[in-house]
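Below, in structure tokens: the form predicted on its own, a single chain.
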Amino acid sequence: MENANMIHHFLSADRRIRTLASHLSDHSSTMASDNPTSTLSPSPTAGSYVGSASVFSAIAQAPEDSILGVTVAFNKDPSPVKVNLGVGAYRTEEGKPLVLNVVRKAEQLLVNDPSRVKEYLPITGLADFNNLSARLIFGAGSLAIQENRVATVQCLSGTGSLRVGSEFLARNYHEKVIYIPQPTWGNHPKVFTISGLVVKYYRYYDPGTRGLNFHGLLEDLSSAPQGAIVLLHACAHNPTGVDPTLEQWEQIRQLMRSKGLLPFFDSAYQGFASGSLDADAQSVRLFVADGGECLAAQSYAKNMGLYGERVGALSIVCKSSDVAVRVESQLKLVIRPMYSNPPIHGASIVATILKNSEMYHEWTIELKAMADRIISMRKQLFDALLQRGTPGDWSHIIKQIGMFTFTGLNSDQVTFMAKEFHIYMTADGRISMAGLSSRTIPHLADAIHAAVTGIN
């Protein structure tokens, strides 16, 4: 009896569905006959643009990025002897990208941990990463950390840290002018300008000595308005490779504090310049030790080789812990509509390494090996130019520090070297020492010699 009722129910439902379908069909036909123009057709929005010009047709072709454009030109060159010295990425003696052994170990630990999930991080990022990053740059014994005066947020590598920091300042700081060194990394003025700050320059590099224009630097910062923001490269200045001495840093600190200038450090190469994490952070620690306020943008692209993971941190040192809490709340308001929250994988790698004493030690050894190889490339290039009797004083190559060397070559010589020797660098003559090897140095030395002797 129950089965018969079920069959009857399904047959009745089927009849109702067929009746409804017939009704809808008749209704549609009636509507179509009453209104001949009601037949389905592409919407006016879609149809009217078929075959017409793009609404974006007036947009101009943007120029290539001055640094990344070097790689574009390099990739198009079919020459087997081509060398790319434009982009700042470490290469082995064989010219290959390097993944640190300690990074691979950390990743394996993370992969093998079944408790790990892919949930969103908080807006401020991974807590362990933030705490350990602050300790790395300010020092484990920093009073600012002990007194909870530091607000740290995970950001998208060094660029993202600068971007968040500059927008925070544009929204919350009374002075909107930032002084940056001349020259500086090509992305700096773009990041600060788009954030809402007004960019001005202070003298930094002396083309005559190929060293620091310390007098010009002090003079320009002395003339800056009270409270202006000042961008400082923590170490291994990009693009020049010229750093102040520790004594000069102290003079800079005294001048800036006397005028109430706000330091904003860009630390992209901690440990990568000298091979010592502590030595490369001395400039930042000088400013933090005096109890004053400052900002620091950190990147792990170079010193851990995590270029594509985009791992960075922004720390703001405040006068008190309650100010730090409020500063962090405003940093959240910057980050949330920008990218909501940061990625988890790269920060987890860094945190794993920094909180494990054995892995941290292994990292410092690998880091020093990279720094030492770059120093060796400087010596080899200097010696090769001396052997060729290349006109000029090339001692700046071994005096400068870090990933880059400001060769002193002009744009015509740079163009000549690309065309005749297939060697690519930025138009200002900056080369990445990390992109060189013992095999490519003779070729580069030949090219520099030919450019200097043949192109004025």
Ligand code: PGU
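Since the structure is predicted, the reported quantities are computational estimates derived from the model, not experimental observations. Position 1 is the first residue in the sequence shown; the rest follow in order.
Keep in mind that the form predicted in complex with the named molecule is not shown, yet the notes after this line are about it.
*Asks:* Indicate whether the named molecule has at least one heavy atom within 4.5 Å of a heavy atom of Lys200 in the predicted bound form.
*Replies:* Because no heavy atom of Lys200 falls inside 4.5 Å of the named molecule in the predicted bound form, the answer is no.
*Asks:* Indicate whether the named molecule has at least one heavy atom within 4.5 Å of a heavy atom of Ser157 in the predicted bound form.
*Replies:* Residue-level check for Ser157: yes, a contact with the named molecule.
*Asks:* Is it the case that Asp280, even though its partner is missing from this view, gets within 4.5 Å of the named molecule in the predicted bound form, heavy atoms only?
*Replies:* Close contact is absent here: in the predicted bound form, Asp280 is far from the named molecule, nothing within 4.5 Å, heavy atoms only.
*Asks:* At 4.5 Å between heavy atoms, is His233 in contact with the named molecule in the predicted bound form?
*Replies:* Yes, contact at 4.5 Å.
*Asks:* Can you pick the one in Ser299, Ser315, Ser166, Thr240 that has a heavy atom within 4.5 Å of the named molecule in the predicted bound form?
*Replies:* Going through each option in turn, the one that passes is Ser299.
*Asks:* Looking at Ala371, Leu295, Leu162, Ile178 here, can you tell me which has any non-hydrogen atom within 4.5 angstroms of the named molecule in the predicted bound form?
*Replies:* Spelling it out, the residue with a heavy atom inside the cut-off is Leu162.
*Asks:* Among 260-268, 378-386, 355-363, 204-212, mark the stretch whose residues have heavy atoms within 4.5 Å of the named molecule in the predicted bound form.
*Replies:* Selected range: 260-268.
*Asks:* Does anything in 87-113 come within 4.5 Å of the named molecule in the predicted bound form by heavy atoms, and if so which residues, in order?
*Replies:* Stretch hits, in order: Val87, Gly88.
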